[in-house]
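Given as structure tokens, the chain that follows is alone and in the form predicted alone.
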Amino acid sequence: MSSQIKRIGLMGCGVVADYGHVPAIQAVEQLKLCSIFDPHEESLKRMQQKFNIENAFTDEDAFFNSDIDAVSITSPAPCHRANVLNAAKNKLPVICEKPLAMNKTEAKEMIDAMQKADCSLYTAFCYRFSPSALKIKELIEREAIGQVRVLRLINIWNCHGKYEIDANGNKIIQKRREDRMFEGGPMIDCGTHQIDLANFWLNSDVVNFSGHGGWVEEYEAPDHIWLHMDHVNGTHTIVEMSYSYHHTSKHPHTEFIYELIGTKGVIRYHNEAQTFSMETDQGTENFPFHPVKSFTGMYNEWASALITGKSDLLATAQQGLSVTEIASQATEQAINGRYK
């Protein structure tokens, strides 16, 4: 096998790995998915058979000894710390799903361990690699709408709904949504993508932020939350996230929108309408529409980084830590500021 092809091991055989990470890794010419790990044998075997993967392990030591060059971590967030520390112990570079860690202490421990092992650690923010997101970055950099002053980043949906139907036809609580609420709610989960995009597009640090919540249900974390961020360059970003928007509706609706308001125009991306355009005094310019995520684009960039040792597009672990801190603290601010 060519030295330019990297043998990849993946940890965590859940839903996102199934629809996103595994197909993307297998689509990248410079990567070969050789080994997968999951403590749950049923999930492990199902993924191995579906994607025809050579090795599948429920034992971590066996996984790390399976002749792999790098690790993709797609396990649940509470597992990230242990997975990354084991990768560091085995001196293997990592790309890790968001949120990077459950808290700042964990993230710093992970970053320190990978630095001591002299291995790269990237955070898997796949929204960066949508061709539409990359086009927005290019438009901002060439000041196509002048100086950006306001970002509105909206992702309000039902997180798969409050209920699901079990094997016996009974209506039960949707576990995937419930788990995400117990792990911190929509800002800590999906909201990290929007926070990262604001940083990625503006290339300007956040100097102030505040979180405000609404509670449709009685979880500790708000299931509808707003984040306001002030950037060094004077831009203000508003992130709105919900996991309870139409969460009990028979016919649910979703709103996923980017709006960038500048001194000379507006950029608007609307996922449901599948539109992407820019309005200036010259008129309307429409751009090709692309889905919000690109796992394949992310893994193409990771493959290049593994070969060359650098990347200008992947989110570093430190950036992942910063994003997680903002999401976590904003959620805590919302909880502490709740009017009872």
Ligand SMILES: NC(=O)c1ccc[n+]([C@@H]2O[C@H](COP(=O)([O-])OP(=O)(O)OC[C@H]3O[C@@H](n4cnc5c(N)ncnc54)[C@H](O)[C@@H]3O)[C@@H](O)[C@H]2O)c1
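Just so you know, these numbers come straight off a predicted model, no measurement behind them. Numbers follow the displayed sequence, beginning with 1.
Note that the form predicted in complex with the ligand isn't included here; everything after this is about it.
Mapping the unseen interface onto this chain, H40 counts among the residues with a heavy atom inside 4.5 Å of the ligand in the model of the complex.
At the 4.5 Å threshold, heavy atoms of K293 reach the ligand in the model of the complex. Using a 4.5 Å cutoff between non-hydrogen atoms, F129 does not count as a contact of the ligand in the model of the complex. Not displayed here, the ligand is kept clear of P23 by more than 4.5 Å at the level of heavy atoms in the model of the complex. The partner is not drawn, yet in the model of the complex one stretch among 260-268, 246-254, 220-228, 91-99 has residues with heavy atoms inside 4.5 Å of the ligand: 91-99.
Contact with the ligand in the model of the complex, judged by any heavy atom within 4.5 Å, is made by just one of E178, E106, D189, E240: D189. Taking the ligand as positioned in the model of the complex, the residues of 46-85 that bring a heavy atom within 4.5 Å of it are, in sequence order, T74, S75, P76, A77, C79, H80, N83.
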